[in-house]
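Read the single chain below, which is given as structure tokens and is the form predicted alone.
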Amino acid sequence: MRTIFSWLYLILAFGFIYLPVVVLVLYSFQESGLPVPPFDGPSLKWYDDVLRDSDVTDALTHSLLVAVGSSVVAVIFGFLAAYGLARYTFSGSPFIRLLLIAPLTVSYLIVGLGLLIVLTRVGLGLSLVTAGIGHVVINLPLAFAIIFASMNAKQENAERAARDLGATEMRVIFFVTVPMLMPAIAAAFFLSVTLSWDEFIISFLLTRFDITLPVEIWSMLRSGLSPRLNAIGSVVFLISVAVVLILEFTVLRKRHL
């Protein structure tokens, strides 16, 4: 009986998680103009329509640029902060760590509004650059936490040995520390890309004309439901799954070996 309830619970849990995705993908192949039963298909016309829409493809490109660019910057700053706070101890280091991680507990709406006020006051026009700045702000604490948690005595001993052999500090970082922390760095990068890819509030507040894909989807929703939205959602889901699979087969598998 316990086994039956365990399997039932497992089926319900996975059904709750994945059923909306299955419905989304299924009705992206709908032939008619409404993504509602009965299913009329399959048809690829909505994917063709989406890929021919310059607004959607431009928004998709913008999302990729912002996600990758902001993640690179967040990981670089996160690594430097983690390295400095892990290798050098001073009286205020716990407080600085707290400040670095604190944005994880703050609503994206508050972060976005604060950045909007600051960036407009300094005269920086709203664009993909300002959206990227906002994504760095929300992804840097995550990158810092992942990399800092992976630093241990093993890397410190290897760094000390490299210095004893005459390596400069920069060579120690690039040829010892970074390679040993590469799984954590890659994990921080891919997770940052995934979060930035789906982020809406900050992108909505900090862009004007060159918008990202979540903002484009929101503007399309104001016209009502359409299989075009299902097709776009399916593409976004496919890209997110691809990022997770790359992370699993390149980083997490090496960590488990």
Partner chain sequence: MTAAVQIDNLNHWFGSFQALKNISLEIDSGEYVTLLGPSGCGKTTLLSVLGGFLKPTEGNVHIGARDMTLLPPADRPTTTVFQDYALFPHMSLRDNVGFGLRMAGVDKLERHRRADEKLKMVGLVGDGSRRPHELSGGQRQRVALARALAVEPEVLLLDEPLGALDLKLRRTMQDELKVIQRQAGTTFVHVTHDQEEAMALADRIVVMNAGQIEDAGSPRQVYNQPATLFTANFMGEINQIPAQITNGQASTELGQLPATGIPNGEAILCIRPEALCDEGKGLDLMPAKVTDATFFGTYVRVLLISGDAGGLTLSAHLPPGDIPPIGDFIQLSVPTKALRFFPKYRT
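Keep in mind it's a predicted model, so treat the numbers as computed, not measured. Residue numbers count along the first chain shown, from 1.
Heads up, the form predicted together with the partner chain isn't pictured, but that's what we're talking about next.
For the partner chain in the predicted complex, the listed stretch (89 to 97, 151 to 159, 74 to 82, 116 to 124) containing residues with heavy atoms inside 4.5 Å is 151 to 159.
For the candidate set Ala145, Val129, Ala167, Leu104, a heavy atom within 4.5 Å of the partner chain in the predicted complex is found for exactly one residue, namely Ala167.
Although the partner is absent from this view, Tyr108 stays clear of the partner chain in the predicted complex, with no non-hydrogen atom inside 4.5 angstroms. The partner chain in the predicted complex comes within 4.5 Å of no heavy atom belonging to Ile185. Remark: Val176 counts among the residues lining the partner chain in the predicted complex, judged by a heavy atom distance of 4.5 Å or less. In the predicted complex, not one residue of 100 to 131 has a heavy atom within 4.5 Å of the partner chain.
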